[in-house]
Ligand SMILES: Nc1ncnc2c1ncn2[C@@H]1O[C@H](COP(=O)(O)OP(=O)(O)OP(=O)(O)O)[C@@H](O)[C@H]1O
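Let's start with one chain on its own, the form predicted alone, as structure tokens.
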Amino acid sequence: MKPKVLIVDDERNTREGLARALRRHYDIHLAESGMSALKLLEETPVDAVLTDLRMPGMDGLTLVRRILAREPQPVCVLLTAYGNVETAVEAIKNGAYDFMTKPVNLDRLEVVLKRALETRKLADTNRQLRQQLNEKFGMENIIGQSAPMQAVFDTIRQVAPSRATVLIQGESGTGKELVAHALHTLSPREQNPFIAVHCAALPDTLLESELFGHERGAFTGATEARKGRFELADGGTLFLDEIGEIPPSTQVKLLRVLEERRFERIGGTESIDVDTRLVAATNRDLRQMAEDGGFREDLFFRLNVVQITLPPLRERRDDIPLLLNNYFQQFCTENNRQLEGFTPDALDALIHYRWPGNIRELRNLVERMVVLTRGDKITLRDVPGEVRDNGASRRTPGPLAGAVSMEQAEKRMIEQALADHDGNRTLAAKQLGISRRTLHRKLNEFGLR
């Protein structure tokens, strides 16, 4: 499909001449004034606008401002017979991509349009990627309505806009990296890098180089200078997972970065200043490690400016039906399975299971059950024996206090999705991973309006 280009000029010969020159590669639309251009854009979005600067009524600069205040934004190029530096600067300040004088050099115009459209495509791609990241890692994806999780959400909202160092503590699989992503996404650093380092996955000899970089010849195999993660995350957020595993030598250097916001690469002498926010996570008791001498006490206090402790899943059982329903819908969609949900006895066993692997274990188990079940519901037979038996041994007489059924969980998720998008059903359905038609059916089932 050809890119759409709108040519705006009060001189008919100029409009039609440019149209003839560009029609081979572009879908051309014409307007004789700023007002007629705006009216056309209401009905036909375009990729680029070529507009004369001096026109009766609305001039080209005003038109560019009006166009760029809308969505989607085309790229704009100003054309004029009265070119000067001041006008060009004013045009760029108002958001124009470029500025060309008349008579227009058609070869240069082709080049300018091609580059402008490539720039717009790249900007659209980046915007979509940021939106996808926000959808994947925003706080709405940290599921929980229990009191412990509401306290976590309150802390995230309060701390995210600051540059304070945050220490996230919690058992393995509780979602510490999701919280780190949410802190970044909700911060002014959102459009800058988020870089994660899993400290336990790197040998001690490589971790320091990975964090701080090295100069050429700093050690055997260092054939060229390399930036570390602190430099790459400059202006953004650096997430250090399993920080309790870093060796003492690296702890010393990390302490200095937190105190001074500067460091040297391995083998280098030049100090490098960075504005990197540090978020660390651990499943160990760093305070106890510091008291026992296994972790620097001064570094612990530098890391522990704000602490967020994630509760294990066994301490927030109210959230288990919500999590089950969320991953059930996700994996049904991904695997093209048309399933109806969980039977009551299967749901009961899953609620009472201890979940030593927390949310990560729950997520993997739901995927397994969705893929392997032969019926149209996940039954107790589909629940692995160790989960079923463990849940049965911990079951207490009567219903679990505070627990909700799958239907209640589904109703809560729909209500939350609608609230998140101010009642917009299309966006709510997208967040839930279901079609708009399915959402309408669910709204009728639950009596929601």
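One-based numbering along the sequence shown. Because the structure is a prediction, the values reported are computed rather than measured.
The discussion below concerns the form predicted in complex with the named molecule, not included here.
- Here the chain stands by itself, but in the predicted bound form one stretch of 272-280, 203-211, 250-258, 360-368, 360-368, has heavy atoms within 4.5 Å of the named molecule.
- Although the partner is absent from this view, R316 contacts the named molecule in the predicted bound form, with a non-hydrogen atom inside 4.5 angstroms.
- Using a 4.5 angstroms limit between non-hydrogen atoms, T309 is distant from the named molecule in the predicted bound form.
- The named molecule in the predicted bound form comes within 4.5 Å of a heavy atom belonging to S172.
- Put simply, K176 is close to the named molecule in the predicted bound form: some heavy atom of it is within 4.5 Å.
- Residue in contact with the named molecule in the predicted bound form (any heavy atom within 4.5 Å), chosen from A116, C199, L323, I156: L323.
- The contact residue chosen from L286, M149, V112, I195 relative to the named molecule in the predicted bound form is M149, the criterion being a non-hydrogen atom within 4.5 angstroms.
- Shown here without the named molecule, the chain has only D241 in 230-254 lying with a heavy atom within 4.5 Å of that partner in the predicted bound form.
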